[in-house]
Ligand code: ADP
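Next comes just one chain, in C-alpha cells: the form predicted on its own.
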Amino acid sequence: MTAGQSAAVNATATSFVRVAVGRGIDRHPEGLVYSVPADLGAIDLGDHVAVPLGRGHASVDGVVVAVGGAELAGPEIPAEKIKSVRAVYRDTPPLPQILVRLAQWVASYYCTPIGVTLQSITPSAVRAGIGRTTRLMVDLTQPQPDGSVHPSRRRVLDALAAMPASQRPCEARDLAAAAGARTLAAVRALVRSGHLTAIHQTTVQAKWRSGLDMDGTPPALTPAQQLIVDSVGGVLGSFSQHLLFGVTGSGKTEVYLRLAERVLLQGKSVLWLVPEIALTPQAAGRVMARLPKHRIAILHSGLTAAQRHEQWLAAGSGEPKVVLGARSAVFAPIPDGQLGLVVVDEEHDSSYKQDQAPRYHGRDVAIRRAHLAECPVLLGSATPSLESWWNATRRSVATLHRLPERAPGLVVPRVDVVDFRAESMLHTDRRVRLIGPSMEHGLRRALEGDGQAIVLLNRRGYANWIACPDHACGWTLQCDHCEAGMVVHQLPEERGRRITRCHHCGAEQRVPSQCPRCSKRVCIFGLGTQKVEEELQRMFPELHAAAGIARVDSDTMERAEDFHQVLGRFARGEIRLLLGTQMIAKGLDFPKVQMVGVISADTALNMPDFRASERTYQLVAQVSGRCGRGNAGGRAVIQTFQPDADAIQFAARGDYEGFARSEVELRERHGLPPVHRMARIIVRHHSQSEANRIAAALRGGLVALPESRGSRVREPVPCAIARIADRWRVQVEVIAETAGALQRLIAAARSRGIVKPGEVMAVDIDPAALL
C-alpha cells in the first residue's frame, strides 16, 4: 500500500484494527488488536481512538497503526474474545500515513513502545482541543420556505441577501449587527423555521507573535551557492542525502531559501529544522520576509498550548508551506505526498537528541522521513557532526557540498586564544576576575563605537563549588539526592540572597555559612553566567543602567516569548552586550557584533565522554563565527586553561577538516562512533547493589545471544554521575560494527525479555552524551 492510498475499512462485524495505546507496553511492540463496531463508521490508519485496556477495561487513547480483517489478530485468539474500539475522535486530525510509518521506525530503532512514541508525536494540546472555538455561521436556505416572516426577521433575511456571495456564509453575530438586531434571537428563529441554514465552523485561535523583522531582498548568489542550489534542486522529487559544509557566514541560509522557493513553486512543502527555540524567531523572520505569499507554520515546545494546536493544524493543511521548528517539528503532520524538501540547520547540535523516551535524534529521524517521503534532505553546518562527515566522506551515502568562504562583505574574524592562567585575574580589590585584560580591551573597543558584543560561558548559575577552606577537613557540598555538586544561584528578586540548586534533580537549599564538620566559614568558588553578568555590570555601569546588558540562559529564558523579546531588542541595538550559554553560540546573525568572548573554552573538554573534544571544537568555532558579519570586522577572544589543546587550536584556525581527520583517526583506533555504532543501556534503581545485579545479568544475557557475535558488550560500570534523584545508575555499553548488527542484537534481547525499556532500564541508541 502506497502513502497516497487510503487504508480505511468499512465497519463490519469482521473489521479489525491494530492500535498503539498511549502506555509503556513493550510486550506487544506492534500494538493491540481490536474489533470495530458497525456503528463507528469507517476507521483509517492514523485515526485517534479510545479503547478498553486490561482486566478493568480502563478506557485509554491510542492511534490506529493497521487496519484489515481477522488476519490482524491471527489464529491464536478467537475473534469473539477481541475487545472493541469504543470511540473515534473525529475532531482530532488523523496522523498522515507516512507519519505512522515513521513512528513505527522510531519505536523499533530507538527501542521504545510504539504507543509511547505515537503519544509523543501528537501534542497534548491537539488531543485536548485547547484553543478550539466553534462559530455559528448561517446562509440562506434554497429554496426559501413558504409563508410570511415577521418584519424583524425579514430585515435579517434582506441583510444576508444583500451581502456579496464571497461573504457568505456569514457569522451569526455579524448578520445580526448588519440587520440592526441587538440579540441573536431573530437569527436563531430563522434557523428553526428553515429560512437559514446553520453551519457550525470550528477553528483554533491563539495569540501569536511573528519572527524578527528582516530584509526580504535576495542577495546575488555566489558561484558556489548557485552550484549547490542547482545540484540539490536537480534531484527534487526523489530521496537523496546532502551535507552542506559551509564556514560561518558563508550563506547557508540563502541556499535553504532558494531551494525552498523552488519546492513551493512545485506545490510542495518544506520541513525546516533548527536545534534551539532561540533560533526560531530569526529563522522565521527570514522565511516570512522572503516568502510573504506562503504559509509559515512554526512548531516547538516553547509555544503556548493554543499556539501549538493552531500551528499543528496549519502544518497539516493541504496548501504548500514551510514548517519551521525545533526537534519535535520533525513529526509535523504534513499531508502524504506533499513534503518536497527537508532542511536540518546546525545538524551537528546535540539539542537534536531527545533525552527521554523515545530517545530519538532529530537529524536521523529527519533523514528517515525524507526517505519515506521520497524527497532530498539537506544537512547544514559549519562544524558538521563526525557522523555526518563520515557518511559523506567515507561511506559515500551523502553528497558533500562546500562553501569555504564567507559571503561577500563579511570578514573572517580574528581569533585570539588566551591562556587563562597567564593573564592577571587577581586585581587590587582582591576580586577574582573572570574577564581578563585581553577580553576586556576587546569588549571596550567594540562597545565604544556602535558595535555589539557576545560573551559566552556554557555554565549557568553563580558558582559551582562550595567547600571548606581547610584542606585537612576536605568537606564539599553535594546534593543529598545525587552524586553531584550543588550550584550557587543568586535570587534576582532578593539581591544578595543565594541558594544552592542541583542541576540534575532540581533540589534546593540555602547556602551554608559554616562547614558542618569544622565550623569554618565556607568558601564559594567557580564560575557561572550570573557571576559573569555581575562582573560585566561593574565593568560597564552606564550600559547596565541603560538595560544594555542581557543574560540568556535557561534560568532567564523560561518562555519562547522571552527569546523573542531579547533577540528583538538585540537586533534593534537596545541591548549592546549579550551574555549566555551555548544557546547564543550558533545560528544568530547580527551584523553589528564586532566582539565575541569565550570565558572558559574548556568547560566541557575534560568531561568523561569521547565526544568532549568534538563538542569543544564546535562550541568555540560556532561562537567565534557570530562576529565579523558587518563591514567593521570582528575579533574573538578565547580564554582557556588549556591553550594547546588540539580542539581549541583547530577551532582558532578554523580548520575543521584537520580536526575531523585527527579525531576520526583516534575514534577508529578505539572502535568508537562514527566508525562503529553504540547503544548505551542504563540500569536505574534505588538500591545500588540491585542496580549492579541487574546490570550484570543484562550483560550476561546479551553476551549469550548468538546475535552478539562480532559486537562488544562492555562490563557494567557506574555512570559518570552515579546517582541522580536517589536512583543509582549503572551503564552497559554495546558497540557493533554496523547499525544493522546493533539493531539485530537489541531486537533479539528485547524479544527475549533481556532488555526491558522502562523505569528501571533506559535504552539509548546512538547516544550523544555519556554523562
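Start at 1 with the first residue shown and count on from there. Keep in mind that this is a model prediction, so the values were computed, not measured.
The protein also exists as the form predicted together with this ligand; that form is not presented, and the subsequent description refers to it.
field: Option touching this ligand, based on a heavy atom within 4.5 Å in the model of the complex, out of G251, P94, G634, G528
entry: If I apply the 4.5 Å criterion carefully, the residue I get is G251.
- prompt: Pick from V263, C515, V247, V511: which residue has any heavy atom within 4.5 angstroms of this ligand in the model of the complex?
  reply: By the 4.5 Å criterion, the partner-contacting residue is V247.
message: Taking any heavy atom pair closer than or equal to 4.5 Å as contact, tell me whether T222 reaches this ligand in the model of the complex.
response: Close contact exists here: in the model of the complex, T222 approaches this ligand to within 4.5 Å, heavy atoms only.
message: Contact with this ligand in the model of the complex for D555, defined as at least one heavy atom pair within 4.5 Å: yes or no?
response: D555: no contact with this ligand in the model of the complex.
query: Do R629 and this ligand come within 4.5 Å of each other in the model of the complex, heavy atoms counted?
result: It does: once this ligand is placed as it appears in the model of the complex, R629 has a heavy atom within 4.5 Å of it.
message: Taking any heavy atom pair closer than or equal to 4.5 Å as contact, tell me whether H242 reaches this ligand in the model of the complex.
response: Close contact is absent here: in the model of the complex, H242 is far from this ligand, nothing within 4.5 Å, heavy atoms only.
task: Quick one: find which of 680 to 688, 317 to 325, 499 to 507, 407 to 415 has residues within 4.5 Å of this ligand in the model of the complex by heavy atom distance.
output: Within 4.5 Å of the partner lies stretch 407 to 415.
field: Residues of stretch 659 to 678 in contact with this ligand in the model of the complex (4.5 Å, non-hydrogen atom)
entry: Residues within 4.5 Å: none.
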